[in-house]
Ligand code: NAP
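In C-alpha cells, one chain follows: the form predicted on its own.
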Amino acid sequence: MDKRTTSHSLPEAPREFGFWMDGGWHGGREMFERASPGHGVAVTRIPKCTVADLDAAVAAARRAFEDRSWAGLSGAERAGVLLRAADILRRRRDEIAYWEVLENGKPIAQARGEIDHCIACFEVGAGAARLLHGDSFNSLGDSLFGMVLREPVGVVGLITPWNFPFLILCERVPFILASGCTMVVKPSEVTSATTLILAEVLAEAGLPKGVYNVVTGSGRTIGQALTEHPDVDMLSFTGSTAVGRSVVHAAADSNFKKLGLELGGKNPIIVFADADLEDAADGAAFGISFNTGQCCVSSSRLIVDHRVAAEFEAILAEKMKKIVVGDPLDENTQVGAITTDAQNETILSYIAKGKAEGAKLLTGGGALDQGRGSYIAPTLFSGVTPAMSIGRDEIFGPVLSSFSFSTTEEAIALANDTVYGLAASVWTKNIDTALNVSRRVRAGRFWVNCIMAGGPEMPLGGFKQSGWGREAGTYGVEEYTQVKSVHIDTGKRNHWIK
C-alpha cells in the first residue's frame, strides 16, 4: 500500500484494501466499491467479509488476550506503543485526512483537525495506561487485607459509524488498548479505509499481532454477528438509538456481554438575552453545520429568549448564509458533502416536513447543485413547536429548529423535553444562570459559552436514550475493565470445625 497521499486531486484508480487479522492483511473474495460522496467517482475497494472471517478474527483476538502478549505488559510498556502510534499518526496525518475526506465527504481542513484530536487521544490513552489502578482496604481488621483489582474485560467488539470514521475510532481504541484488552473492529462499510490504515500504524508502533483486528462488511451480517458472538466479552457501538436497541437485545440473547453505547441526540443550545449574541450565533451556526450536521452532538434545537429571539435569528440566518459549502478537497470549504444518498434523502424529507408543518424557513431549505455530489444548504427554521417532527426527531443534517422561551424554568423544560440526553450548550454572562442550567439539563456533555469544546481528557457519553457508559480519559479506560475484589487472610484461621 502507498504510505502517503497529500495531493488534493482525486486518485487515478480506487485504492484496494484487504482486511486486517492476526497482524497481517487478508484478501476478500468479494469487494465493495466506494464512490466519493463529494465527487461521484470510485475511491476505494473494501472486502465484503464473511461470518467465517469474523470468527477467525475473534479467535485471533482471543489468542492474543489469553497469551498475555498485551494484557501481561506493564502500563508503561503499553503506553510506549500508544505514544509511538501517536508519532506515526502525526507523520501520516495528511494521508489519513485525505482518505477520510474521499470516503466521508467532510472538508479537508476539518479532517486534518480531527486527526490532531486523534493524536491527542493516543497521547492521553498512553498516560491513562500508566495511571490505571485499583484500590486497597486496610479497614477489614488485623487479619484481613482487601484489594480491588481492575482487569481488562477481554475481547472487545467495536462497531463504528460513517460520520466520524477515524475520530470515533480513536476516541475508543487507545483507551481499550490502555486497559489491556484486545479487539475486533467493524467499521461502516462506506468508510472503512482509515480504520484499516490504523492497523498499519499500530503494527508499526509495535502492537502484538491479534490485538487489533478489522473485519469489513455490512452491519446486517458482520455487525450483527459481532454483536451476537459468544466469545466477545464487551461490545462498543456508536450509531442510532434504534440500532442500539437491537444491539441490547442481541447481546442479551447471546452471552450477556458488557455494552458501551453512544447513540442519538437532539441537543439543545440555550441562548439567554444577556448572552453575547454574535458569539452565540457563531456557535449555533457552527454547532449545526459542523460535519454537515451529521454529528450526534450537533446542537439541532435552538432555545432562545423571546426578548431577543427575532434579533438573534436574524444574526444567525446571516451567518449561516455565509457558510462556504463546496468541494471537500477545497481548503476554503466549511461544509462538505452528505455522506450517503440515503442520508441525503432523509435530510431533504425533514426539510419538506418542516415546511409542511408550518415552521418558518429563514435560510437554506434545499439541495445545492455543485455539479456533482450531494450538498444541502445549512437550514434554519423559526417558530418550531415540540409537536413538529423537525423539533423532536434526530435529523442528522444541517437543519436547526428554533424555539423561544420566557423563563429559565421554561428553557430547562424545553431542553429536557426529548428522549435523548447526549449534549447541551448554554450562552449567558450570568454565572448563576449558567450553573443552574448546566446542573439541571440532563445531558452527558455540557458547554457554557462554547460548543463542541474540550479534549480526550474528559469523558464522553449520554443520558437517557443517548446511551450507556463513558469513553475517553480515565473513565474510558475503566469502562473496559472488570473490578475484582481480593481478600487476603494474614493470620491463623479460626476453625469452623472444632
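All figures in this text were calculated on a predicted structure; none of them were measured in a lab. Start at 1 and count along the sequence shown; that's the residue number.
Separately, the form predicted together with the ligand exists; it is not shown, and the next lines address it.
Proximity to the ligand in the predicted bound form, taken as heavy atoms within 4.5 Å, picks out 242 to 250 from the listed stretches 124 to 132, 344 to 352, 242 to 250, 360 to 368. Thr227 is the sole member of Thr227, Ser289, Ser401, Thr194 with a non-hydrogen atom lying within 4.5 angstroms of the ligand in the predicted bound form. For the options Phe312, Tyr375, Trp99, Phe396, the residue carrying a heavy atom within 4.5 angstroms of the ligand in the predicted bound form is Phe396. Here the marked residues Ser188, Gly217 and Phe237 all reach the ligand in the predicted bound form, each with a heavy atom within 4.5 angstroms. Taking the partner from elsewhere, Phe272 is found to have every heavy atom lying beyond 4.5 Å of the ligand in the predicted bound form. Under a 4.5 angstroms non-hydrogen atom cutoff, the ligand in the predicted bound form has Glu262 among its neighbouring residues. Arg172 belongs to the set of residues with a heavy atom inside 4.5 Å of the ligand in the predicted bound form.
Heavy atoms of Pro161 reach within 4.5 Å of the ligand in the predicted bound form, making it an interface residue.
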